[in-house]
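Just one chain is shown here, as structure tokens, and it is the form predicted alone.
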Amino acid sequence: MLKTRTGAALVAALAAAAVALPAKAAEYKVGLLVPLSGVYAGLGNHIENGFNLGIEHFGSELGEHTITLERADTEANPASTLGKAKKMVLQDKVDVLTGIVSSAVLGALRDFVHQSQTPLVVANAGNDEATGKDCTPYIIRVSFSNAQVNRPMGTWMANKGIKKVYLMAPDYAAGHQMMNTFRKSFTEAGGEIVGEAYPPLQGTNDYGPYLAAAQAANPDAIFTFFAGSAAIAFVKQYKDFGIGKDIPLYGSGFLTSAAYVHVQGEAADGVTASLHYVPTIDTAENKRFQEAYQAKHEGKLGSEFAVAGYDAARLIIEAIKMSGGDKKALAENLRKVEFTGPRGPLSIDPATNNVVQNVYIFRNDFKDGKVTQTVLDTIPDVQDPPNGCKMM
């Protein structure tokens, strides 16, 4: 049962359901930190929608335990989010934080959650360092790392006979991390990088000069990472320039996310990408998720962002069940949860606290006025190396 109280905070209370009585019933407070305004507001809405659906699907398994949900807008602003997180933990006494879209926001929270020993379940931000050299027992990531979703693609493309690739991504940490990971796996498999470009993250609407430079390098393919409005603009301009006739476009799957591929439309036709979730995964778990999500949101597809919110809710619920009312055990149990959800099998690597999951290679096919994402290959159980993580 979902109950809303007054004020800015969305408060959910889950009543007891039909399972065996726990040894000690407890109320768990969850702080949801997502952008509800600004450039990442759409992603925040997807995560929150997925989180609420996860509570609806799995909350009845809590027995007599209850969850109360507090919500705050991160605005993709590290400083203000840190203040809101401190209020949630120190004043509102939340037991676990979740959400976080921006890697910069995640970086701002790292020391606070570590020092306060408050577990944070990351539902998007993919900065490699959060589960690498900056890891902590209190950051558990259920979404992806930048390396995880791009490393398999370098090997896969080289094995398909693609020899020369041009790289392009926004000039910020995530863009460079994704390209560095692809470069390493592609060249180790025998490929060659013939050029690369990094347009500014903000203020760039014209990719023409960058596309012209890429075309002049005469690669076999272009591999990119763009997301949100930049991804929509880039894919449309790629088609307008006509480059795709000779040089196919590949990318990190956020390039043609289910959240906005319908806006890209025909321009996305033929683009091949890699990601940890595709809406067309043919499993009973994914069918249940998509049918329920689309029924609640006017037929819109549940995206990888919505799935991350959905799985974050389930992870927290499963850890609460394992803890049996012992709140001190929650952080440790979050790392032990594993289940099969819409994206397939999911577990948490105890060496890094990053998710272990499948990565899907998929192609966008435009037909009858809509885009369908066809899975070409599945790379199972992709796991990051420790990358300097020393869990303590």
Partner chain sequence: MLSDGGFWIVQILNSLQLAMLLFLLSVGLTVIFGLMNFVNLAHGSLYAAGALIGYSVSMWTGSVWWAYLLAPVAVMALGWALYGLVIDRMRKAGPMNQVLVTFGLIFVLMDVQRYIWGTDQVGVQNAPFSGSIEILGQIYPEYRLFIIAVGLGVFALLYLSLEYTRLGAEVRAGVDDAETASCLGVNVERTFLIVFLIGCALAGLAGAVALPAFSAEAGMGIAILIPTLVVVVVGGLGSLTGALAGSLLIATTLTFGQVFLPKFAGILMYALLVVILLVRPQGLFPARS
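Not measured: the values here are computed from a predicted model. Numbering follows the first chain given and starts at 1.
The same protein also has a form predicted in complex with its partner chain, omitted here; what follows describes it.
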Item to complete: Among 336 to 344, 57 to 65, 32 to 40, 319 to 327, mark the stretch whose residues have heavy atoms within 4.5 Å of its partner chain in the predicted bound form.
Response: 32 to 40
Fill in: Distance check, D240 to its partner chain in the predicted bound form, heavy atom within 4.5 Å
yes
Discussion item. At 4.5 Å between heavy atoms, is K184 in contact with its partner chain in the predicted bound form?
Written reply: no
Item to complete: Classify L90 as contacting or not contacting its partner chain in the predicted bound form by the rule of any non-hydrogen atom within 4.5 angstroms, answering yes or no.
Response: no
Worksheet item: Looking in the predicted bound form, any heavy atom of Y260 within 4.5 Å of its partner chain?
Response: yes
Worksheet entry | Selected contact from G270, G208, G195, P78, since only one has a non-hydrogen atom within 4.5 angstroms of its partner chain in the predicted bound form | G208
Practice prompt. Quick one: from K287, K300, K163, K86, grab the residue that has a heavy atom within 4.5 Å of its partner chain in the predicted bound form.
Written response: K300
Fill in: its partner chain in the predicted bound form reached by all of Q215, K245 and G265, non-hydrogen atom within 4.5 Å
yes
